[in-house]
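Here you get one chain, nothing else, as structure tokens; it is the form predicted alone.
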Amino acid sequence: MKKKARPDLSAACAGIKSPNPFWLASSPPSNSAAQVMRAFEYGWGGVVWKTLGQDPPVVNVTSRYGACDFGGRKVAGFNNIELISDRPLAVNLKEILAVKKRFPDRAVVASLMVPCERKAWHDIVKKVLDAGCDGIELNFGCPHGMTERGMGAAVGQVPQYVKMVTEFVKEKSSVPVLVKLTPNVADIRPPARAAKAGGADGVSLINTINSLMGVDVETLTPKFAVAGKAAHGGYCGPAVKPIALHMVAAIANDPQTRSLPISGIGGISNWSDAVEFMLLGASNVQLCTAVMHHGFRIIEDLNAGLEGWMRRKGFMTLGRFVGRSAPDIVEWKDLDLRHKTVASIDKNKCIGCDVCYAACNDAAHQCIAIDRKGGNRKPHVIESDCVGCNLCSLVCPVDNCIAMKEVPGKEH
């Protein structure tokens, strides 16, 4: 029997090739050659080196990480106030050269952040090119610490600066240039358009979101404080995924940036998360928080899961499905007002917990009732009153107990 061909996981984002679409994002896991080489040994396709700046290196603080847990899930949201690399630039450059020499087939991208001066950018671009990097990522997204120095999100929030600095880099770069965008804007499209106007070969998004992790109500001290004081940091992890997907789709669907390659970032924890980003337009994806939580070995599940899904769907290359779902993201005015669904409760699965009843009656449209005669505790839907809001199905603790069934719509 002839063996079936395996799906090809190789990716190309803005001309930067890698054996699979999974890169380490610029972050603590990509801080040194020892880490990156270990990641590549496990099977990661590429890395964006932890952001490099000028010497002398920055000085970081402790503590620098915070997290929020939800529903028993650890690190549902993750916050950091860590700055760019605090290691000497020469050391990083030497290690990039060593990594690329040992792993010539992997993508090694240098993340950069220096002041908005043409010479500063020209100087550091030459240095990373001499180190053999395959691409450059401009960090216009970091929302803390570096913004106070006129870098990071302080650049990314001003389209004119995005265009200007991108032009500085493109004047000297012989490798593809990605612009990493900040989500701390009202509309992600203007900075993406500015990056394209400046000559960017692609964009990566999202960087982290401005956040504070809370206050200890017993001590009245900010959580994860530094000597009792806290500064806003960058929020990431699974909790930010919907925001990231929205912004990726916005760029993929914008007529002015539709052709711009995208490297997707934000809350990716497993292979299906990655597929969602790619269906909405990302050519590849970058991970950070999931690696900080579970380690480099998650790449084994990422590769296996993606390959298995592609095989089931009949996709032999990534290009067959990248962007496939993006056209289905439309403006509200383009939604079908005649489409109607109502809730349907499976009485065999219902445990009589009353959660859907309370949610519907107190917070939705009062279309779930319970006939309590004879000790009955199981609810039923008053279909004529149901507006199809989905709330009951979302709060139900039993999988597939409440489904939204489509019914003939009405003309408006």
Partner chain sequence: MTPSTTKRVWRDNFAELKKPLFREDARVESFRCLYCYDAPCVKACPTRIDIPRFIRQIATDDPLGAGETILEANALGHSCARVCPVEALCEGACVYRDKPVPIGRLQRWATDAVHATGELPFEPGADNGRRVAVVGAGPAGVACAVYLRRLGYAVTLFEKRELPGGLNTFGVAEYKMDSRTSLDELELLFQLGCSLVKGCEIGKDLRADAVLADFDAVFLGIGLARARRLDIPGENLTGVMNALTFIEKVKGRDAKLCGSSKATVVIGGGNTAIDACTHSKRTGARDVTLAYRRGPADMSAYDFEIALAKADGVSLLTNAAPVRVLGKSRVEGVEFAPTKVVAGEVVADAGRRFTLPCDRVIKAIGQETERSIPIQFGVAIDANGAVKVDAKTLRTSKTKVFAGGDAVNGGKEVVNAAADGKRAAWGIHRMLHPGAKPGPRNEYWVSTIEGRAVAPIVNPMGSWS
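Residue numbers count along the first chain shown, from 1. If you're wondering where the values come from, they're calculated on a predicted model, not measured in any experiment.
We do not show the form predicted in complex with its partner chain, though everything after this point is about it.
A.B. asks: Considering non-hydrogen atoms and a 4.5 Å limit, does its partner chain approach Asn361 in the model of the complex?
C.D. replies: Yes, contact at 4.5 Å.
A.B. asks: Find out whether any non-hydrogen atom of Lys347 is located within 4.5 angstroms of its partner chain in the model of the complex, and reply yes or no.
C.D. replies: Result no; Lys347 lies far from its partner chain in the model of the complex.
A.B. asks: How about Gln366: is it within 4.5 Å of its partner chain in the model of the complex, going by heavy atoms?
C.D. replies: Within the cut-off, so yes.
A.B. asks: Give a yes/no on whether Gly228 approaches its partner chain to within 4.5 Å in the model of the complex, heavy atoms considered.
C.D. replies: Contact with its partner chain, no.
A.B. asks: Which of Met37, Ala67, Val381, Val355 has a heavy atom within 4.5 Å of its partner chain in the model of the complex?
C.D. replies: After the contact test, the surviving option is Val355.
A.B. asks: Can you work out which of Arg258, Arg311, Lys74, Arg324 has a heavy atom no more than 4.5 Å from its partner chain in the model of the complex?
C.D. replies: The option sitting close enough to the partner is Lys74.
A.B. asks: Heavy atoms, 4.5 Å, its partner chain in the model of the complex: which of 369-377, 24-32, 37-45, 54-62 makes the cut? Say which one.
C.D. replies: Single hit among the candidates: 369-377.
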